[in-house]
Ligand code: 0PR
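The chain below stands alone, shown as C-alpha cells; this is the form predicted on its own.
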Amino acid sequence: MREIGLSEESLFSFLLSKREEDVDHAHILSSMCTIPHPVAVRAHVQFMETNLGDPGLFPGTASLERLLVERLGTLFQLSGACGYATSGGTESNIQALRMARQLGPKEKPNVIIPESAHFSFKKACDILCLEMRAVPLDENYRMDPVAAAEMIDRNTCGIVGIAGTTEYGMVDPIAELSKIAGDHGVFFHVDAAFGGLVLPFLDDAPAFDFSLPGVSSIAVDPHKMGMSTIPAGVLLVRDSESLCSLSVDTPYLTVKQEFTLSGTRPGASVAGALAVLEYLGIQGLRDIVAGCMKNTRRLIDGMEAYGIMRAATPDVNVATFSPARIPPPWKVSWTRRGDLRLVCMPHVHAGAVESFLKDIGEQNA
C-alpha cells in the first residue's frame, strides 16, 4: 500500500481510466447480464451498507428479501415458497445440489444433469463429491428424458433440468423430468437463472415451475433479465424442510442458525432486484421480454438473409448460428460445438441489432 494516500481527484482519474478500458455495453452481444435499471441503481445505493448475513441488525432489509422471495414464488406458481437471495446461479445451483445430497444420503451419491448444464454444476459436484452423470441432448439441444430416466439408480439423489440454457436458449422437458423425479422420489432442481424472468412473460411457454409437483427448487437471477445490480440471484424451494437441511449454528449473530452459503450477504442488490419487480410489474416486464424476443427474431431473420443459418430455434432470447466472421468492435461468444452465440438483452435494442446486421453483412459479403 501507499504510505500517503492519493488525492480524491487522482484516485478517481485512475479509476476512470480503468473503467474506460472495459467494453462498452453498446457492442456486447455475448452477456446474459445487462445495464441495471435506474431504479435498481438508486435502491442499491440506498442500501449499500446493509448485511443480510446478520439480519437482526437490518430487519427492514431482511423484510425486502422475504418480499423478493414471495414475489418470485408467486410468479413461479407457489405463494408459500421458501428461499433466499444468493450471489447468482452458481451459488443457487451449489445449494440445490447440497440439499439433494442432504435429503437423500447415499453411499455413492450421483446427480443426473444435461450436457447443456452450466459449468457451475461441475463446481458443485466437485465440492460435494457427487458423481455427475451427463445426459445427452436431443436434436433440438434439449435434455433427453428417456436417457435421463435410464441413468437413475439407487444412488441418485438429484436431477437437474434447465429452463433457458446458457448456450442455445432452450428449455428442457421440465414436465417430463418432474414426473420422472416424482416417480423415483428424487430431488428435482430447475436452473432457470436466465429463463426464470423470461418464460413467465411469454405466451405458450413450456411449464417449468412449481405448478409441476416434482419440482423441488428453482434458481433465478434478477441480475440477468431482471435488470438488477450485480450480484442478485435467488434460490426458491418448495418447502422449508429442504432449506433447513442446510442450516448451521451461528451462535454469535442475531440469528442462531443460517442456511445460506455466504456469511456476509449484500442487502443492496436485493433492494435493487425488488425495486425493478415492484416498479415494472408484470406488464412492464412482459413488454421488456417482448422487445427482446422481437429483436431475437429480427436477428435470426437478418442473419439467415446473409446465409448465416441458425443452429437452433430458441425458446428464449439467445440466438445461435453457424460460424461467421465477426467485425470489430462487436463482442460475441461461441458454444462448445463451435456455433456463434448472441444474447438479445435489454441493452441490445433494435438499433444495435440493425447496426450489427449491417456490419456482419459487409464482413461476410
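Predicted model only: the values in this text are computed from it and were never measured. From 1 onward, residues are counted along the sequence shown.
In what follows, reference is made to the form predicted together with this ligand, a form of this protein that is not presented.
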{"property": "Contact stretch among 88-96, 236-244, 279-287, 69-77 - heavy atom within 4.5 Å of this ligand in the predicted bound form", "result": "88-96"}
{"property": "4.5 angstroms heavy atom contact with this ligand in the predicted bound form for G164", "result": "yes"}
{"property": "Interface membership of R341, this ligand in the predicted bound form, 4.5 Å heavy atom rule", "result": "yes"}
{"property": "D172 within 4.5 Å of this ligand in the predicted bound form, heavy atoms", "result": "no"}
{"property": "Proximity of A311 to this ligand in the predicted bound form, heavy atoms at 4.5 Å", "result": "no"}
{"property": "Contact residue in the predicted bound form, chosen from N110, S120, Q102, S262 - any heavy atom within 4.5 Å of this ligand", "result": "S120"}
{"property": "Selected contact from A193, M225, A271, V160, since only one has a non-hydrogen atom within 4.5 angstroms of this ligand in the predicted bound form", "result": "A193"}
{"property": "Residues in 4-33 with any heavy atom within 4.5 Å of this ligand in the predicted bound form", "result": "S31, M32, C33"}
